[in-house]
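Quick setup: one chain, the form predicted alone, written in structure tokens, and binding and motion questions come after.
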Amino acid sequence: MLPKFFFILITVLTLLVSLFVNGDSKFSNPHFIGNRSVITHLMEWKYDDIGDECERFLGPYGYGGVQVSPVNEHAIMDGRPWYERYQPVSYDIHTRSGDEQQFRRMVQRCNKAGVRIYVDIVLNHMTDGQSGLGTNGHHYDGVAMQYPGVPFGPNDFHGHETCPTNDLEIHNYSNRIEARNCRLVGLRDLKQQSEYAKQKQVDFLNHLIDIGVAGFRSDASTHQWPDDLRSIYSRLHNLNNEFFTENSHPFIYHETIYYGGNGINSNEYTSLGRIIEFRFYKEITNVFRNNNQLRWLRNFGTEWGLVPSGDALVMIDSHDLRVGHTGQLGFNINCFEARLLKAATAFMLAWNYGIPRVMSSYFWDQIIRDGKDVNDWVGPPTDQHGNILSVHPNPDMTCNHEWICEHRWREIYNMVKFKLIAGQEPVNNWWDNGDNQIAFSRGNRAFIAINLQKNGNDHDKNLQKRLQTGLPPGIYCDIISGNLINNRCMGKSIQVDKNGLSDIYVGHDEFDALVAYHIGARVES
């Protein structure tokens, strides 16, 4: 008989292998309630409005969480651009969205509505080389690197002793030392190797955790040493027991912009939580812009070189992508191409990979010159005094003109329900036409068909096929074209026979490029 310690050793080794193979991290659990699985980013919303939205819409329609814009004091910049939120002045909770009392109230309301809060945190840097006032009244001097609101001084920032470039700027983003010890577009780069700087950031994060947040989006993780982040995270409190089970760790997902090649690999961060898998948005966008065929998505995920699903957070659009600050305008898909954005988002929500995040933005006048958005800086809608305007939902569930509210588009919120109902069911019954028409089910609970066909005559461009849906027999409402109300379909419908077969139709020129059905939208006989 083998000694007992041998079996213990085998168990430990198995767990270690699982950790490195699957990339699981104690910071990768989003702590969703029930089967919820989708985050929305309510960019620049006021805290009181987010609390309202959790109660009136996000909770009832199955969203799992909200990413909020950075909550700590930031620079007040000329013109009030959106990116001033990413130029910290102190770690006081006081921004354009509200003060700490309003933030606390929002966190309480959203948790009680079953919606988690994830704060966008900016730990890599402070402001750029300007001086002025922050949103909580603290003076700062970026040239002298003085931030009395923390306080931070020159010794808390990387200088020529650690940054190898003459101007202290990053020039080679693939060089690890340069990318992590030099300045990102002029932003003063914090020396997280400093015990003092680390502890200030630990205190800030623990304060947020104690209030009741579920986790964080880590801005510019690529530009921070993984060991420094590991040291910070090792000191974080467990989540607040009022809302979370005991010994729960915060959910952390990292901005690591990696497309392959010689860049800083996202795998360096998967032990620290999930990574935002930029290759997901890039490959999906490439397909939905007809640069690649839909049929190839049959094995989309790790077989395409992406990180394991348990390590990924995915998106189609983001606060950076929408204006071309990452990616490329004309390739990125944002709210100005609503049909394409809805279709790509629907696939993301129907597919069983990663944790999806839906962008929810505000309106701005997009003016493209030489491939750039001239108005890429425009901040949230405000009144004449610079106060952010509130969001007011319309009777049709859209928002007042200033707020785009993509998360409230019927095609998107109904696909959030689709994902909730599909749960962990596998992809089954894949069909494609060998080109740009696809369909698949999620077990026997949900079915989707997408048509992006552009080649051929009008008849060939239509998706018109009798397909296996995997669904139980009955009449089902298409959740894309309408809702099920009072046991009637407000949009299209299909009849599924006893074998799970149904006639599926998606015209090439329809308002939406897809149809979707699930067992929660079946007409009762």
Ligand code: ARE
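Quantities reported herein were computed from a predicted structural model and do not represent experimental measurements. Residue indices: 1-based, along the sequence shown.
There is also a form predicted together with this ligand; it is not shown, and the following applies to it.
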In the predicted bound form, do His125, Leu184 and His319 all reach within 4.5 Å of this ligand through at least one heavy atom apiece? yes
Partner absent here, but in the predicted bound form, which of 401-409, 303-311, 250-258, 415-423 has residues with a heavy atom within 4.5 Å of this ligand? 250-258
Only one of Ile76, Ala220, Cys163, Val202 has a non-hydrogen atom within 4.5 angstroms of this ligand in the predicted bound form; which is it? Ala220
Using a 4.5 Å cut on heavy atoms, which of Phe363, Trp225, Phe244, Tyr83 is close to this ligand in the predicted bound form? Tyr83
Verify the contact flag for His325: yes if a non-hydrogen atom of it lies within 4.5 Å of a non-hydrogen atom of this ligand in the predicted bound form, no if not. yes
Is there any non-hydrogen atom of Tyr173 lying within 4.5 Å of this ligand in the predicted bound form? yes
Do Gln437 and this ligand share at least one heavy atom pair within 4.5 Å in the predicted bound form? no
Does Gln87 reach this ligand in the predicted bound form if we count a contact as any heavy atom within 4.5 Å? yes
